[in-house]
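What follows are structure tokens for two forms of the same protein chain, given separately as structure 1 and structure 2.
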Structure 1
Amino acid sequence: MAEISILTEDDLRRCVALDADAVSCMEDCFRALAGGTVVMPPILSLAIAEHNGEVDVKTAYIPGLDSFAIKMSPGFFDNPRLGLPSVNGLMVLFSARTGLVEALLLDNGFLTDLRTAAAGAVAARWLSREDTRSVAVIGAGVQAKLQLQALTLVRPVERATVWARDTDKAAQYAALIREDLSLDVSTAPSVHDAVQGVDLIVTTTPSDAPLLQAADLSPGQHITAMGSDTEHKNEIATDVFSAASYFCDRLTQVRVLGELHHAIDAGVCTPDEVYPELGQVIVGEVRGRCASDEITLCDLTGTGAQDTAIATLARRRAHDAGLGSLFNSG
């Protein structure tokens, strides 16, 4: 009976992009999160150790949006050996009024990439100095590129340095950025070298040991740490918590999955300490950066609310553009 819209990665790439609208969409999402009415259960996580895989399921209901998404993100880390990508996934969009399936978004992780990068732009807009011209990117993967691209939407970025464990990948990344984003970019021999004198640092690795220490930092820098989205990942040394003002996407989540989780484990922070969320800064409930020499740190773990927001946007855009196939579910 019901008609379901099926959108492929191709359809989605044709109607949503990393642009000002995507950043606004995420900003609205963080604003909603601060309102206290978003319903966002803890992430469901299934580990398949036997095949070096895991699947995370995220969801949230945002009052005011007509639909909500359930996102399934499998990561199977032996896939490259089989010639397959590690990360895949899809989202299912349901009507928030009836629970009926409205759309299947077979995005292979594209929408997650998009909303994660857009959230980096939101963090920069509200926490970094307005005159942010130089960026250090730690990591050389998909997000390393998208985060930098997102930053150019909100700050007058002119140049970047990059560090990655694999120096070949760092060099390839630099070449790609020069070509695609026309930025002045250089590779650095260490994290320490990469971050010297830059205005903004974004960490985008799956590291499970800290890469960035307090001693690497200089006054006025903003750090967006977006690599840690599972318990074992960790990019930021615990001594950074004393050097920087800490912000996060969702407090209940970073306590378990984010950089904060490691600081709590180390006894540098306590489990019940309250830290501000990005949304609270946006709605003016909490002050963001208070001085140009303050160091700020934003810990982004990725929320189900962002998935609902981007999926709702993507479905509307696809509909308006006449993209996708209608499937009669019988």
Structure 2
Amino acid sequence: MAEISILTEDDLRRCVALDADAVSCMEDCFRALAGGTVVMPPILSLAIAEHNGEVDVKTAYIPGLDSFAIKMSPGFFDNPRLGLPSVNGLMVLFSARTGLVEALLLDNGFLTDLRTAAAGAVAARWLSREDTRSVAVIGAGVQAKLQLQALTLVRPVERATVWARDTDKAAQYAALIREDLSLDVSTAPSVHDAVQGVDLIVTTTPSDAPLLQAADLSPGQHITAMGSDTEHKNEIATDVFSAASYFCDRLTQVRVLGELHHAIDAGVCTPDEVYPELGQVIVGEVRGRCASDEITLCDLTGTGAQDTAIATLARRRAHDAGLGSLFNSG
């Protein structure tokens, strides 16, 4: 008979936070990916177009960890009209030694949100200028807030500008950030206006048409592209690839799902062209930013390795805190 831990979203929020440990957890994950021993199959993705929905299933085994996670992540982007969240889901944690289920993490997307934001902080730590103080956020949803919060853990951010299609949401976002993070935040009437004079740009939308053009950019900026994680999503115009040094989380994945996918389709990049992964920068295999006036772009599509890493951290913290309930199987 095996005991399975059942952890609710409330349990997980009590023991895991967007903090330095979460950022370090993601950094270790990128480092492991660069080592070449992580077993990570392609994402299983199911589109439900008539309801503006998608479901992604991600997993990975990281040698050295006792467990691995399988995550099921639905995203239904018309849900806010129904008073429901756009993203939810859960993770199942298995023993890497026996394959037995160890924990059921009913996080409703919380852990995905957290690890995605922490990954953005890792990208900024290794690719943005150390004196980064101003940020443009494209989008005004949950991830837009978390990305900015994560950036304050690795860079001395003082002010932010936000653009969103819904101007009311942009204003609400700005007010929330002023209250929660005590930053100077303003709204912008366009993406172009939002990114002028800032040090770092983070895109956080499910857009299917490019929002950021090469003509919008200035020397020295870093761009973290978070939104493109399925084939139809696209936030970055292909001409940005000619203006910026390109990095990614997993090359085989971004060729299919990321911003690179669209650049390949447009003929700007070739399918066999090799680009550096963020993990390779972290372990010193390739250089990151080479000059203060260089423009850098990091294409993050989210990996199963990140899900295994954050799920393992969450279960360990919950166990130490005595949280969750136990179910006896078998």
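In this text, rigid core is short for the largest set of C-alphas that superpose within 1.5 Å between two forms. Predicted model only: the values in this text are computed from it and were never measured. Throughout, residue numbering runs from 1 along the sequence of structure 1.
Matching the description of the form predicted together with a further copy of the same chain is structure 1; structure 2 comes from elsewhere. In a rigid-core overlay of the protein, A209 has its C-alpha displaced by under 2 Å between structure 1 and structure 2.
Shown in the overlay between structure 1 and structure 2, fitted on the rigid core, is a CA shift at P189 smaller than 2 Å. A movement of the C-alpha atom of L82 reaching 2 angstroms or beyond is seen between structure 1 and structure 2 when the two forms are aligned on their rigid core.
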